[in-house]
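Take a look at this one chain, the form predicted on its own, written out in structure tokens.
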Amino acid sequence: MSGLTDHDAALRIASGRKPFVEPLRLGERLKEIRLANRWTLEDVSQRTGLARSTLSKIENDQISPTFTAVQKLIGGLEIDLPQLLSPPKPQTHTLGRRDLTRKGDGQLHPTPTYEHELLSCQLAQKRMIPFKTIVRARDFGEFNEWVRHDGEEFLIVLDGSVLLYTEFYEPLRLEQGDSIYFDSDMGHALVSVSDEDATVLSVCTPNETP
């Protein structure tokens, strides 16, 4: 990136001498728009036709997009030019958000093997996805396929005991109070091995934290 001021860049664009948008903090603004919509780089790539590597370089100010790339961004993201070129919003130290979930008031999402209770459901664009799960499965054979999803996961056993099956490791027994952190795009599955169905708390993150 050059050391041109915004005024210099505007003059260059207006004169047509260099068809690039340079020191307008466009990369920072693009990332702000992407994260506000909870899009991954792959999502934006599919919407605009621009390669993920190109989008990453734009966001990190490693390259300046051509007018053609800017047009693809505007069309693919369904925004206008002023929205894309407007200065990024100043970052605040805290948003002051909170979301209380009383006992038993989460969103229930039962499956044949798990009974999930999604927590903190009122907040949009969370950086974490917390949920409590009663593990109904008693045998790995109850799963038709591996459980897998983007991001990472932290899991702690609240009650009972579980056997954690993972794609690349031997099954691991976890007792009450034990916890584990793992890549959740790796196939995994839980079964209860205690007399009563085990209960676990999981916190997941998306691949790219907004």
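Bear in mind that the values here come from a model prediction, so they are computed numbers and not experimental data. We call the rigid core the largest set of C-alpha positions that still match within 1.5 Å between the two forms. Start at 1 with the first residue shown and count on from there.
Another form, the form predicted together with the DNA, is not on view; read the next lines as being about it.
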- prompt: Does the DNA get within 4.5 angstroms of any non-hydrogen atom of Pro65 in the model of the complex?
  reply: yes
task: Answer with yes or no whether Asn37 is in contact with the DNA in the model of the complex, where contact means some heavy atom within 4.5 Å.
output: no
message: Please tell me whether any heavy atom belonging to Gly177 falls inside 4.5 Å of a heavy atom of the DNA, as the geometry stands in the model of the complex.
response: no
message: I'd like to check something about Leu50: if you look in the model of the complex, is any of its heavy atoms closer than or equal to 4.5 Å to a heavy atom of the DNA?
response: yes
statement: Within 4.5 Å of the DNA in the model of the complex by heavy atoms, the stretch out of 57-65, 180-188, 166-174, 142-150 is 57-65
- request: Using heavy atoms and a 4.5 Å cut-off, decide whether Lys31, Leu41 and Ala69 all contact the DNA in the model of the complex.
  value: yes
query: If we fit on the core, is the Cα of Leu73 displaced 2 Å or more between this form and the one not shown?
result: yes
message: After superposing the rigid core, is the C-alpha displacement of Ala36 2 Å or more between this form and the one not shown?
response: yes
message: Quick check: Thr54 between this form and the one not shown - does its CA shift reach 2 Å or more after fitting the rigid core?
response: yes
